[in-house]
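One chain follows as structure tokens, the form predicted alone.
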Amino acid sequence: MQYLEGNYDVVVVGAGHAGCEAALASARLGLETLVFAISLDSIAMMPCNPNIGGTSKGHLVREIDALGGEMGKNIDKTYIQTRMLNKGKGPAVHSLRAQADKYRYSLEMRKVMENTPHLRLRQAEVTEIVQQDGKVLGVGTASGAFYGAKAVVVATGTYLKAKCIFGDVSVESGPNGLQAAKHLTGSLLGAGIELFRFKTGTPARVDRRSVDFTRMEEQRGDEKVVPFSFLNRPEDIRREQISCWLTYTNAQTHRVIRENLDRSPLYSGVIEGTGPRYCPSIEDKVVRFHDKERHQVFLEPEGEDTNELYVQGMSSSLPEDVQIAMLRTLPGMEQVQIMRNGYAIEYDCINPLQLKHTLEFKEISGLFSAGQFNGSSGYEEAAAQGLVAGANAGLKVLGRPPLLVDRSEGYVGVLIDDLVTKGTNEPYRMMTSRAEYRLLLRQDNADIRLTPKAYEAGLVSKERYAGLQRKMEQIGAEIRRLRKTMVGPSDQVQELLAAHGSTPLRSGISLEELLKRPELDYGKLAPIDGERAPLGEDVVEQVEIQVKFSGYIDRQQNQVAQYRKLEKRLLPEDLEYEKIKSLRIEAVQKLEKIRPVSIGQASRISGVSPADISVLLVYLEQHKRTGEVWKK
């Protein structure tokens, strides 16, 4: 028997990285928000790798920050090492990555949550999504309480009917031994929601005192600290960094693994869920890449005040004795002691094709979904979805337009569009190669791209938006000044060019044209540019990138213009595709299932060909004149 415990504007189920961003976004819109956690000790927990960011994921964190989220600010408070990846490549793929003190990260996020107005935390297991006639009404808990809500965000991570497995050991448990959410699955199935069974894994954690670092390669952080949050300056967050260490697997390691594959639940059929292709277990790597003589293994501290080390690259569900044996074959780990076994974890998640771009379920008004529950993997992917889902839940309650980010505006848009348009048959991971407009979607300009949207939605302050406008004005003014400022072939100019291996001048040239030369940069031109005013590093960075890559940027902006033409060709949500002649059967089936909102989205559906798109365009044009379309 249920009793009414309270009524809220928005209820968030789960307090992992998705749930935290969802709840904060809703509360910051001024809505009374309640967030549930299986355990309040699990708020923003890092059950797997102790880091934030990395290739493409760093882009997501920057975008979360630009949209008013918390992840970037939180890692800036709690990092123990920071590195900019891919510095030898172009700016489109530069990605910031930070090792976290995972315990402080969780604690600091909890502090923010507990001190945010309109936000309440509650430890309880949600067992039911209460809905009627296709509209969400609230949630029920295992204790019999009912919490009314105008909107609900489900962000259950890897807890739904979770099972942790290594060797012959199989335990119904969430990550890190926490209680699994055993009952909500039934409620979701009863509501007609399609579920998948996915799995992910984590490596063993070992005792620092049992490791010989003299046999490993030290991995230091960058001397130049770059904040994740656009609101922070490097000098405000700079601190002493802690090293990570690199070692490698070898033939002996691979022999131990191969000899015990019959004991691996991954190959014996014990594990039923589909795992992540781009983050395989060590046993999977040894089998799939049998020609590789070795694999990198990084030892990463889990925090400043613990001896626990994360063994990056050795995710495994092999039996305990095999895990010990294979780890002790690695150079420097001959005497290693395990503190926590590696394990695989299976869990229930949804087919994301059931969602709109707002992350609201198509068939249940007011029910939103985010994070690994949507079939994705990773803290950053989860947090990005959480922010969008929480913001849109709040905006729906307020009766305001939704927060939408498309593929040409952010990695967040690529992530969500991929999930809701293409779906996924394995845990989805963000990668730079998925973003077709990645030169425009750099991590350095995330604030320019997305903070105006966040301000319009009410997620960032007027002061922050005004600061961004000042920055953009400075960038534009400096580019215009460089374009107008001419220099001639004077002795000073020729000497500077020679010093940097640059071709001497034969006639006058603008500073903008000189800056386009790959061997020169803004700082190197200072001696021949006496008129420049002092500018912030962030402004200089944008000036340099926009000048040096102007041709490529212009080309990609033209591509975006073509993309947006198709996005603006809207399709009725209830269009009867089976009545449109010349559409192939597969296309009809896919279009009926996904219900694309535009020609652009329809063109990205697997199984819908360019010929099908041509048919749709002809159909729209024919019926544009009459105003008649086939609707359900």
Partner chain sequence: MLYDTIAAISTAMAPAGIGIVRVSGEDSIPLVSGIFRPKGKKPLSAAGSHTLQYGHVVDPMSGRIIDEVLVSVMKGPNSFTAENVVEINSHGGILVLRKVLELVLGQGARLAEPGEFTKRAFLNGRIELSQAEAIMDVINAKTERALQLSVRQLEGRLGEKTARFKDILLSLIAHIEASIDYPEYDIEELAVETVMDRLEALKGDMQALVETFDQGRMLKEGINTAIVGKPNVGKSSLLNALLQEQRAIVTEIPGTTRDTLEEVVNIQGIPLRLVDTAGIRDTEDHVERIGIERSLGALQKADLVLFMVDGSRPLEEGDRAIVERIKDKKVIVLLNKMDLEVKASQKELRELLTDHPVVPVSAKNREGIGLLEHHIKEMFFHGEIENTEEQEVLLSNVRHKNAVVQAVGSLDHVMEAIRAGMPEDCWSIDLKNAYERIGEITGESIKEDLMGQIFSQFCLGK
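On a predicted model such as this, the values are computed, not experimentally measured, just so you know. Positions refer to the first chain, counted from 1.
Note that the form predicted together with its partner chain isn't included here; everything after this is about it.
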- May I ask whether 315, 422 and 436 each come within 4.5 Å of its partner chain in the predicted bound form, counting any non-hydrogen atom? yes
- Interface check vs its partner chain in the predicted bound form: of 243, 358, 170, 556, the one with a heavy atom inside 4.5 Å is 556
- Task: Tell me, out of 120, 285, 464, 263, which residue has a non-hydrogen atom within 4.5 angstroms of its partner chain in the predicted bound form.
- Result: 285
- Task: Please check if residue 248 has a heavy atom lying within 4.5 Å of any heavy atom of its partner chain in the predicted bound form.
- Result: yes
- Message: If we define contact as a non-hydrogen atom of the residue within 4.5 angstroms of the partner, is residue 593 a contact of its partner chain in the predicted bound form?
- Response: no
- Message: Can you tell me if residue 480 lies within 4.5 angstroms of its partner chain in the predicted bound form, counting non-hydrogen atoms only?
- Response: no
- Message: Taking any heavy atom pair closer than or equal to 4.5 Å as contact, tell me whether residue 601 reaches its partner chain in the predicted bound form.
- Response: no
- Note on the structure: Per contact check vs its partner chain in the predicted bound form (non-hydrogen atom within 4.5 angstroms), the hit among 522-530, 363-371, 493-501, 79-87 is 79-87
- Query: Can you name the residues of 555-590 that have a non-hydrogen atom within 4.5 angstroms of its partner chain in the predicted bound form?
  - Reply: 555, 556, 562, 565, 566, 569, 580, 581, 582, 583, 584
